[in-house]
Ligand SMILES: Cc1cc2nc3c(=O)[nH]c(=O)nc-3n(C[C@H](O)[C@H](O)[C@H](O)COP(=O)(O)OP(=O)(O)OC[C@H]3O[C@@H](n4cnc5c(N)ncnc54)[C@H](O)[C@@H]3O)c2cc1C
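Next up: just one chain, as structure tokens, the form predicted on its own.
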């Protein structure tokens, strides 16, 4: 059985990995080998069972409207006359409520915990570093700490480890580092890694198992007696296959048009800056509550990432928002300064954001040999392995072992 996978980011590579390990012949079509738009390489490298609340959640809209007034804030939605954007915003508002969070928290928890388990196995099998020391949610204000304490209580009820920490406890977890905070929450099951190394290991493993990589973009799908039988690339090359996996990230809506499906999705731009020689060595990754900034030690380096700009396909650098990331970082970590980042080239990438914060994952109802795996928003890396395993099972005709009804591509009509 030959499977064609469209998309060479983390979800496409994880799908290729588990399919090739199962004995399938795999061809990966990668339209972005330089990772110019993908968020797979330059992200914060976090594996986060703590993220059981989807992007569409109570309070997000009101907070987002406040942030819109600040050019350095962690969120921005660029107004533009776009029907797809208007539909996405309407659907996002409809899902930003407690009922939606409650309806999907168990599924997100189960997917995240299984993905973490798979990461541990992958790190042993493919020889990359997975740091299993947890994640700190750091809070600069008492109000922020109270909010996160409620999240921690909720997490514990769901079986996700969370500990509310005072300053003394934070010093035990991150010794020798000055933190300008009121306290925080430690999520002990969270992990971190270097995403570029992880993806390189996956590519090596796929090639070792006989998988093939082809650079190109899909022009249209091939059919044999009405059934999908492969793809034709824009340069005219035809790639035949028995099964097709669409893992194209922000390009998923364009890939779905030929099937008559309008897939609501927006690119959510994020930035990161990586210090090659940070003045302090951190042990744990962290999220900065008030600034919505992610901080991750990666070997001898330190990556600082943040912002969510709903901006279509624009990858241009907004210097004011990058400045906002650095200002938040040095506020929480006062031993660092913005001058530490002089000469550091910022990276930007697009997260594929769905309006309900849930990925599209499963077989197409009218095209049963086509599997969609896209739209993981801010947790594409974290859910990569479990998504790849599910894709492999679906392609092979096995039970995916998860109820995927909430994730079907047709859920918005």
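The model shown is predicted, which means the values in this text are computed figures rather than measured ones. Numbering follows the first chain given and starts at 1.
Unshown form predicted together with the named molecule; subsequent notes refer to it.
Applying a 4.5 Å heavy atom distance criterion, does residue 271 contact the named molecule in the predicted complex?
Answer yes; at least one heavy atom of residue 271 falls within 4.5 Å of the named molecule in the predicted complex.
Would you check, heavy atoms only and a 4.5 Å threshold, whether residue 278 touches the named molecule in the predicted complex?
No, residue 278 sits far enough from the named molecule in the predicted complex that none of its heavy atoms falls within 4.5 Å.
State yes or no: in the predicted complex, is some non-hydrogen atom of residue 309 no more than 4.5 angstroms from a non-hydrogen atom of the named molecule?
Answer no; every heavy atom of residue 309 is more than 4.5 Å from the named molecule in the predicted complex.
Closest heavy atom of residue 174 to the named molecule in the predicted complex, within 4.5 Å or not?
Taking the distances in the predicted complex, the answer for residue 174 is no, it never comes within 4.5 Å of the named molecule.
Just to confirm, with a 4.5 Å cut-off on non-hydrogen atoms, which of 230, 211, 216, 144 contacts the named molecule in the predicted complex?
So the residue touching the named molecule in the predicted complex, by this definition, is 216.
Can you list, in sequence order, the residues from 1-31 that come within 4.5 Å of the named molecule in the predicted complex, counting heavy atoms only?
Counting only heavy atoms within 4.5 Å of the named molecule in the predicted complex, the contacting residues of 1-31 are 6, 7, 8, 9, 10, 11, 12, 29, 30, 31.
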